[in-house]
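One chain comes next, on its own, written out as structure tokens in the form predicted alone.
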Amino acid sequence: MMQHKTETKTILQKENNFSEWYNEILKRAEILDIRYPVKGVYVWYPYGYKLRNLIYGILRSLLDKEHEEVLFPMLIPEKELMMEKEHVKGFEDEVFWVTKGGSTELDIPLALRPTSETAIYPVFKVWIRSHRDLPLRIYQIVNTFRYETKHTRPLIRLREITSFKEAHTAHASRADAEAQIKKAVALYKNFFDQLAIPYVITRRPDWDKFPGAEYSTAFDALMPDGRAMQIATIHLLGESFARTFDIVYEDKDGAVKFVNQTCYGISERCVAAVISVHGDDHGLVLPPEVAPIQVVIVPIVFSSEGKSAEVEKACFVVCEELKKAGIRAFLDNSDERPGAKYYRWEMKGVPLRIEIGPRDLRNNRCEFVRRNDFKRMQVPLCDVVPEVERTLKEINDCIYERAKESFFANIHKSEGAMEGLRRKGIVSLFLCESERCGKEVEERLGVNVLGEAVYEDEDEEREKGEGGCVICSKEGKRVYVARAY
């Protein structure tokens, strides 16, 4: 655990100044160090990296049920990168190029992967020969590089994405690929539900789909400043990359056919969403499942009472019992005052604090303090483990309910024309499929068109339907728009 001088100044209010709050939280909670001397490139603190690993551990556990994890090279030869023209066009202004090895000019420039389709699919051509090789499902969690020229923001808009999870699949038919898209959506829903992050799922408009895809589906969360943030994407590639890279297989009848493909990705924006959606004016508020420390035990000792040894022993016993039960517990027996300890662990988002003092020992009890609402409760020492397990689940449920309440309060439905649509959050309106109308909406409202809502739960109000486009009045579909990162 990195030790730093305790901060005591008041944290900025999240609601009124999210940008400054966010940067301050990353520093004080020891998530990222933004002082690395390259724009858009940051350093993970140990505590932040543990949070990152716990979040990606959930993702890995879901993917490993059907996918195999791999690792492809970071360097992509220029020839391979340029083979898929539509794909390259979407990334050409963002590519970092390696043109020298030492002082020697390279014969073939090498790109630092912006994404890995053009690195992986030439190998798919070698791996896939027969229908017996299908379906093929792989994923990797790697660094990707994009020359981001806009305003960079830690974990949200980067030049080095340190934790890009990309899955790539190949199938015998389009129907199989479409079925995989639905599986990917279900997997991501499971993932974000475990992080207690509410979202909308949309089919991106054709002008905003992934380069080379037939269509793209995206998950968007809502940040505290009212902007939407894309947190996951899923793409049906069809045969486009298969035709470019000649990825074919022999079916049961001996006919040679192109494979159908999908790809889907998540970056460390999922970490940014956990920090931003759940945090408050006191710091992080972490769902227990991904909190690096789930429970912190703080001895309350006063030298005048002469009971410090007994209190610390009791705290140690409680900590060991929790660890044996698989709970990530930490005993803070440092020399700092209790108030300084409370500040530190509240800032770091530890879901539950247990306080034990001489009076508690005399009554064979301890006191629980919940991070999400600061409620206190007294618990018998003999019941600590089951009560911690119950309380952590309750905390998680409360965090999720609060996040959903805020999220749905900021989704607005519009039946009229353009007037009155400049609202914080996500707005649904009618829009035709014309790119011209879509771009006019974006320009006039200062928003991004997220697309038509898809894959809604049956028990939720559906945002589908048809009506007149807000621009041209022709028949349109209900779509979501929002200011977006």
Ligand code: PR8
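Bear in mind the structure is a predicted one, so any value in this text is a computation, not a measurement. Position 1 is the first residue in the sequence shown; the rest follow in order.
Not pictured, yet referred to below: the form predicted together with the named molecule.
Interface residue among Glu346, Glu166, Asp332, Glu84 relative to the named molecule in the model of the complex, by the heavy atom within 4.5 Å criterion: Glu166. With the partner omitted from this view, the residue of Val200, Leu392, Ile156, Leu187 that lies near the named molecule in the model of the complex is Ile156 [heavy atom within 4.5 Å].
Within 4.5 Å of the named molecule in the model of the complex, a heavy atom is found for none of Phe316, Lys341 and Asp360. Proximity to the named molecule in the model of the complex, taken as heavy atoms within 4.5 Å, picks out 115 to 123 from the listed stretches 323 to 331, 115 to 123, 129 to 137, 248 to 256. Using a 4.5 Å cutoff between non-hydrogen atoms, His278 does not count as a contact of the named molecule in the model of the complex. When the named molecule is considered in the model of the complex, Ala232 lines it closely, a heavy atom lying within 4.5 Å. Of the heavy atoms in Gln294, none are within 4.5 Å of the named molecule in the model of the complex. In the model of the complex, the named molecule sits within 4.5 Å of a heavy atom of Ile161. Applying a 4.5 Å heavy atom cutoff to the named molecule in the model of the complex picks out no residue from 424 to 439.
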